[in-house]
Each structure stands twice: as C-alpha cells, then as structure tokens.
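Only one chain comes next, encoded as structure tokens, the form predicted on its own.
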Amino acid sequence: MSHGEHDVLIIGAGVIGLSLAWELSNRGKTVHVIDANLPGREASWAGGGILPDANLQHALDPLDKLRGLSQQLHPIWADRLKIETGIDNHFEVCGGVHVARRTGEAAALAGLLATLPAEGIAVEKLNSQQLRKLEPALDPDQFLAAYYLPNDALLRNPRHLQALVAACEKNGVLITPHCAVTDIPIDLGHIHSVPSPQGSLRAKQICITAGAWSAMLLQQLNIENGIVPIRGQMLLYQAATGTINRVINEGSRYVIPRRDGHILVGSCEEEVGFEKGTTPQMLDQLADFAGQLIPPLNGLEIKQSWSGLRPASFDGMPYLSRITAADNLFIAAGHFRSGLQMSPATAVVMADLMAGDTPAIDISHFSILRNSNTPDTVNF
C-alpha cells in the first residue's frame, strides 16, 4: 500500500509537527503527518497552555529569540485559525502572577525577574494591597514576594490542537493516526521511503517531530542526542467562574484559569522513562499546593487528572536542525516545557530551513551536532 509521494513527511503529530505541517501547507507544500497514536494527544495536549512574555527585539539568547518570535506569532495564528476553522483557541493576554513564600525562593525570584526589564519584558512588584486587588482569592499575608507580568498570555491547548488539525486538513494535509514508525532506512545518504504499518511512505523530505519519542528514532539511526522523557502530572478543578483570572506561578508549579471556571494545577518533573500515568502521592502534593496557594480550592473535588511526557534535552535547548546522515532528513524536537510556546516560531524557521532559505532567526545553536564528538560539533 502506498500513499504516493508528498513533499514532506512529518513523523509526530504534536503541536510542533502540526504547526510545521500547517506552515508548510500554507507555503504550497504537500504534507503527510503520521503519529503513533492520535494527533495532538501526548505532551501538547497534557500541558497548560501558558505563554510567558518574550520580546524578540531585545532578545540576545537564541532561545529567547525563538520565544520572542513566537510571542509575535501567537495572536496572529490564533486569529487565522479561528477564521479558517471556526475554532477559538482562547488565546488571551491575561497576565501572570509570580509569588514566593520562603526567603530563599523570594531571593531567587527577585534575581530572576530583575533581568527581565532589560529584555523588554514588563514586571511590576506587588505589595499586599495590590496583590489582593489583582487576585482576591490569594491570601497576600502568606507571601514574602509577589510580582505581576502583565503580558504573560494563555491559550487552551486542546482547542489549539483541534484548530491546527482542522486547518491542516483544510489545506489538504494528510494526517494518519496509529502509524508508528520504528525504522528510517538511509540509502547512500538519502531516504527514499519509510516503512510503516500503513505501507511504504514516500516524501522528498522527512522531519522528525515526535517529542520524547524522537530519541528512539535517532538512536535507531545511531545519532547521538540528549532527548529524555520527563513526566509531568496535572489535575483539574471546576470552580466558580473568576475564582482567579491570571496564571499564578510559584517556582515550577502553577495554577491556570479557564474562562468556564475550570482550573488546572501542575506540574512536576519526574524522570521515569516512558511511563505515563498519575500517582496518588504526586496528585496529593499538587492538591495541597493548590489549596495553600488559593484557599477557595480547598475541599473541591478533583474532576480529572492526567500526565504527559515532555521532551527534555541535555542542555535545555531544542533540536531544530538538518540531520546530516541523510540529505533530506530534519528534526524539530526537545522543547521540554515550552513546545506550545515556541511552536509557531519553530514552524517558521524549520520551513525556512527545509526550503533552503536563511531562517528568520539564527538556529545554529539548535543543531543536532552539538552533542556529537565529530569534527562538525558546534562549539559554544
């Protein structure tokens, strides 16, 4: 069985793969996206949809540039997706509150946020009265420090993924679920076809966007990489609408409001391999965290809980790169907790790279060669 040759085969239908497919199809490319499970149902679906503020104009770090370009693109993409599909991904610049309850955490938070104004990111230090006015559900007396980032944004990631699937299909992108690929045969530096349960898949270019599972495909190709799955657990409450109206952050954990009163609580970082699922101990910790942070959540029933496997990399940067083992093979993976945030810019720069154009921002620091011992290793 053959689907015919496409311009691009994308292996992995998470937010990175679907965003790239949409960008490529908007540029006139024929695209086939495959996924081992259902499109958009792994880490992209499991996250919270937080989009921290970023500023491309002031960014110096390559990662900050990727975030800054995405920050510009997210509202544009949200509008286009809604017009083209009728699906509202609930993008909004809601602002974010960052708090600390312990002396060391307060000092670390102050140090971290002190650098942001120089990067063009607005930060306001809040006193107790200001915090109470901004988010009445919080008890300001329990915090040693509180800050407000007015340009932090949010979208509803399951809706965003639904919109991307619909937009891709409208553009003629073929999306094939339950199509796991375990072998990418390279013949004299070129990939002619990829074997799959759905038959031989042919494309002029192939891009691996399989999140944490990208590591397995790279290992099969004997390509060194630092991608590891990191499990994050989440839980969901149904509260009164407007209980909180902004993302509340404390360290690496957060509480996220939805317009309909749903409140998400996350998350954790567990290195447990490819083992998904939740644990009573971690869910109890998240519930305790949420109840202490926002007292109205105490006693509410947990409506749902879930987990996802984030694709972390050894140095905290994604791989956005050509893979030199084959002249038509590329990778976009390893975004860890920021895949949703950086997905529009990732799609744009990868589409540029695959077209042979100079990407909109320099992506040389994201090369797959940075973990190689070959002479081509990128030096930092």
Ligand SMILES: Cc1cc2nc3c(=O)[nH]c(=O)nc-3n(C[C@H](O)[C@H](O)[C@H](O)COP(=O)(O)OP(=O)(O)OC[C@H]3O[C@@H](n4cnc5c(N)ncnc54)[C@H](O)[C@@H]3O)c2cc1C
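From a predicted model like this one, the values you see are computed outputs, not experimental measurements. Note that residue numbering begins at 1 and tracks the sequence as displayed.
The next section is about a form of this same protein that is not shown, the form predicted in complex with the ligand.
Quick check on this chain: which one of 77, 254, 91, 237 has a heavy atom within 4.5 Å of the ligand in the predicted complex?
Answer to the contact question: 254.
Could you spot which one of 318, 68, 344, 47 gets a heavy atom to within 4.5 Å of the ligand in the predicted complex?
After the contact test, the surviving option is 47.
Want to guess which of 54-62, 24-32, 328-336, 348-356 is within 4.5 Å of the ligand in the predicted complex, heavy atoms only?
Going by heavy atoms within 4.5 Å, the stretch is 328-336.
Using the partner position in the predicted complex, report whether residue 267 sits within 4.5 Å of the ligand, counting heavy atoms only.
Yes.
Give a yes/no on whether residue 310 approaches the ligand to within 4.5 Å in the predicted complex, heavy atoms considered.
Judged by the heavy-atom cut-off of 4.5 Å, residue 310 is in contact with the ligand in the predicted complex.
Quick check on residue 324: any heavy atom within 4.5 Å of the ligand in the predicted complex?
It does not: once the ligand is placed as it appears in the predicted complex, residue 324 has no heavy atom within 4.5 Å of it.
Taking the ligand as it sits in the predicted complex, is residue 96 in contact with it (heavy atom to heavy atom, 4.5 Å or less)?
Contact check for residue 96: no, nothing within 4.5 Å of the ligand in the predicted complex.
Who in 183-212 is close to the ligand in the predicted complex, meaning a heavy atom within 4.5 Å?
Stretch hits, in order: 209, 210, 211.
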